[in-house]
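Taking the form predicted alone, here's one chain by itself in structure tokens.
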Amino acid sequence: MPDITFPSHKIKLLLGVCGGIAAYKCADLVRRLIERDFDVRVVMTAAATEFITPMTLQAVSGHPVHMDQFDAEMEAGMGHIELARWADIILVAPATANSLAKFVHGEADNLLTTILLASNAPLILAPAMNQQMWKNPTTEQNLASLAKLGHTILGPGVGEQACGDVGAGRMLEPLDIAQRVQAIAFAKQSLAGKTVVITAGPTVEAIDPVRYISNHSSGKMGYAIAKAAQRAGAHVELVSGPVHLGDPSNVVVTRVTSAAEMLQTVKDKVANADVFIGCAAVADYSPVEVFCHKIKKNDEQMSLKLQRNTDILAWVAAQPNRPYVVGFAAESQNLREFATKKLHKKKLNMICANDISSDCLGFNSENNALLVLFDDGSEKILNVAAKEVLAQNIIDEIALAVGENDSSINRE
């Protein structure tokens, strides 16, 4: 999302409605957005008018609905330029597979796509499509590209679809979208002036000058979260184990190797943090003795004595003036059970759990899926998506919890 400070006046939201069955929900969505003090104007594609009439959306928004790229009633007849300048934020719901493909490739064959090219306003997309279309690799690539450009993806939800299929692809409900858009619209204010400390990647525990103990963490999830937090206006301190990733823009990166080094760096940084996100895959154990020289192969078997490393996440959560603490749980079985135990045992505010038994998710993958549990007993299921998409969803949830302007928002 572009680095834009929203104005002090009522936020001007442009709603783009594309041609999907979920378009019928947009009348309720407009109403929900207006309830949250947005000034809403609507742009419809030609296909969208097959599912809901412009007159309906005009009635609920209180403004004419725009469909023509060259509108004679707008200044200079350049409707796309006027609306692009007017919008503080753009929401596309439903965002169909066809529209996502057009946005990625910069097509400008209708009023909505032309506005998106002509505007630098933050863009939020609420996808809606058949479950098989959602799972199509082309759609996945398009979503990943849009996320990398900084655009926000909301959903989709899981359930029965109009075609009779069951799966991911349903547009989120209007109330959910409106709450999330409100949180995002004020995320810059709610995280501005706040410090977020994030750990990412693996740690490496030396055995000798050649050998070490580590894991398969790529750091991609933690780095994606750092980028999302920075876009939300936070001062971000990223403590990274050894990874093959470049430093995110405008993020302070401290690179460490071992769990002990990561712990010390976190201790130095977390005292002034408002949020701590423990995304790193920290080694649970390290060798008691680190040999100065390479161990030679003399025996058929070798015993290695290990000692328990300090649990960084638990240490942060135990501090008297602790920040909002978010943990991660990578599990190969009993995901909910083990994540719930970790949440309560370590006294976390929030935990993001992922199943690492799938070869195409988690470590070293571009995608993931998360079960998010909160200390108040609520939960969110984040379906399979690019890690950049999930990172933005996580930051949205944190903004709901700690944002100064979000006290009236809940996750129900």
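These figures come from a predicted structure and were not determined experimentally. Numbers follow the displayed sequence, beginning with 1.
Another form, the form predicted in complex with cytidine-5'-monophosphate (C5P), is not on view; read the next lines as being about it.
The partner is absent here; in the predicted bound form, the one residue of I184, I90, L313, L154 having a heavy atom within 4.5 Å of cytidine-5'-monophosphate (C5P) is L313.
With the partner omitted here, the residue from A95, C279, A226, V239 that has a non-hydrogen atom within 4.5 angstroms of cytidine-5'-monophosphate (C5P) in the predicted bound form is C279. Interface membership of K102, defined by any non-hydrogen atom within 4.5 Å of cytidine-5'-monophosphate (C5P) in the predicted bound form, is ruled out. In the predicted bound form, cytidine-5'-monophosphate (C5P) lies within 4.5 Å of some heavy atom of F328. At a distance threshold of 4.5 angstroms between non-hydrogen atoms, D284 is in contact with cytidine-5'-monophosphate (C5P) in the predicted bound form. Using a 4.5 Å cutoff between non-hydrogen atoms, K380 does not count as a contact of cytidine-5'-monophosphate (C5P) in the predicted bound form. Residues placing heavy atoms within 4.5 Å of cytidine-5'-monophosphate (C5P) in the predicted bound form fall in a single listed stretch, namely 305-313, out of 112-120, 305-313, 131-139, 171-179.
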